[in-house]
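The chain below stands alone and is given in structure tokens; this is the form predicted alone.
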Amino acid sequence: MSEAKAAPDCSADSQQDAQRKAALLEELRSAIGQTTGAPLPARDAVNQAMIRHWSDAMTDFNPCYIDPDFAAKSIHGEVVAPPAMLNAWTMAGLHPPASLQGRGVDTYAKLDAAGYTSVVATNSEHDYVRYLKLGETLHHSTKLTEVSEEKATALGTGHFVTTVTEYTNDAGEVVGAMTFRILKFRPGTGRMAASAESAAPAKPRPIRPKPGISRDTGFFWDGIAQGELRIQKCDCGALHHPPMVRCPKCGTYDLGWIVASGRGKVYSHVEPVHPKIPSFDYPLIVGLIELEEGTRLLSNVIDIEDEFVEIGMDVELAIQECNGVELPVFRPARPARREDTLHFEDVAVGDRMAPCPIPITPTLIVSTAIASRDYQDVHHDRDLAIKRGSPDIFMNILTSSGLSSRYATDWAGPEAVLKNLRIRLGVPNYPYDTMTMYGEVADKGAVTNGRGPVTLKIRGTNRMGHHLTGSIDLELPSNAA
């Protein structure tokens, strides 16, 4: 009679694993309060070339950053660096010199060695004591302030690590600070990965009906395929849409077309709610768009929450692929950058900032990561991003900060002075999506020395949800001054 085999002692393995994790956490937390040593100088002084690179990538053309004549007459008296560039100046770069190697927070390396090799930034808080000027050399010293217990997140199982960096100039004057939190996690251990592996095959979605294309409307759809919005025009000057066989104004059959600018305003809109058709995305906003050229076109309004759609709102053409056919739709036009500066008395608590859509292209993700000197591979290398558990490259938090800063100063004007910027990231910004920024005046303080403090609440939303939420404190000049 054979002996029964003993069952494997799973409890012993679990206990050993718990002990390893506890030992790792104790080792990581033993470094809390430690700094990277004496303040490290940036590789380069604040310079115009790097500012222009940032401004081009972020499309932030505040003249205080790039126009010496304007800046000389501004509150700053000279060109200054965008405040959201604060930590870009001290980034080590793609090939850091030997003097910078081994001078970072070694908590990250220890987590890498323990298998927590993937990383994503989650929180960033900037405090701006003053703006940086050309020629200044920034110094920085980073302190570890917190390491969380192991957390199970949608991305993966890992630890949140928080650091605080202080920035000084050559004279030792404090010019800013940053609190930064990242998640270091094990790739493939998150709820997202588990649900993707176990999910049952999705039922095929009904196909959205294709537009009817005839000999009379072919020119319109040929134009859309080439990125043009073609509107039928008669020799008598009348514009027609939808296209007609004969001009109702003069009776001729000799009809041509013009290329419209693609800009217009919402003349009317409606949101169908019932019955829902499975081949359409909801909420579904249907808008009658009055084009700059004078005619109207029925289409969908996208990349905006329904409560923000208003009659008279500026919109612009976007081409959307659907079921192998490209369709003309409209999104909110990016608000024009304000050339003067709002006064403190011009704004009130509850004022809304105009929605600002930002198409998330691979070029935007890569160029802004490089402009912020962030060479983390998940922001520019799709193959490595996938290997680390992401479906594609994604936007870095330094870009999210830069775009938030741009949104605030485009709204308030070039001489609005940012005092801090605090954002928390949610869902990633992947290529071929659109993030729409929303904001409102949340609070106002008392005028001091001719300037008044204003707090903005902001958020950026894409197809998956909120990419960022946060706040910005800024100062506006007072009329009383």
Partner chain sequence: MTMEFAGKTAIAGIGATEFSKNSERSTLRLAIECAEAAIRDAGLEPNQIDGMVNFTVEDNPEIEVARNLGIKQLTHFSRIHHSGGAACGTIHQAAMAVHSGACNYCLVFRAFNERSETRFGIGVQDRPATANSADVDFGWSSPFGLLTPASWVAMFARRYMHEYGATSEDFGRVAVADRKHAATNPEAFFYERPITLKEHQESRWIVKPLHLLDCCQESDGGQAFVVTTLERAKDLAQPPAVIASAAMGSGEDQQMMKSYYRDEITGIPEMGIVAQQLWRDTGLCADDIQTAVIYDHFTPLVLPQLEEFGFCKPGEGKDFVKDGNIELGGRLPINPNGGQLGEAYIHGMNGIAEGVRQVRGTSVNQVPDAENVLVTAGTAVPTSALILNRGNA
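Take the two forms, find the largest set of C-alpha atoms that superpose within 1.5 Å, and that set is the rigid core. No experiment lies behind these values; they were computed from the predicted model shown. Positions refer to the first chain, counted from 1.
Just so you know, the form predicted in complex with its partner chain exists too; it's not on screen, but the next bit is about it.
Here the marked residues Leu94, Ala109 and Phe180 all miss its partner chain in the model of the complex; none has a heavy atom within 4.5 angstroms. Looking at Trp257, you'd find every heavy atom of it more than 4.5 angstroms from its partner chain in the model of the complex. For Ser141, no non-hydrogen atom is located within 4.5 Å of its partner chain in the model of the complex, even though that partner is not displayed.
Using a 4.5 Å cutoff between non-hydrogen atoms, Ala369 does not count as a contact of its partner chain in the model of the complex. Among heavy atoms of Phe308, none comes within 4.5 Å of its partner chain in the model of the complex.
Proximity to its partner chain in the model of the complex, defined as a heavy atom within 4.5 Å, singles out one entry of Pro391, Gly135, Pro362, Pro211, which is Pro211. A heavy atom within 4.5 Å of its partner chain in the model of the complex is found for exactly one of Pro335, Pro272, Gly227, Gly188: Pro272. Residue heavy atoms within 4.5 Å of its partner chain in the model of the complex occur in exactly one stretch of 337 to 345, 168 to 176, 114 to 122, 273 to 281, and that stretch is 273 to 281. Residues of 380 to 416 include none with a non-hydrogen atom no more than 4.5 angstroms from its partner chain in the model of the complex.
Once the rigid core is used as the reference frame, the Cα position of Ile213 differs between this form and the one not shown by 2 Å or more.
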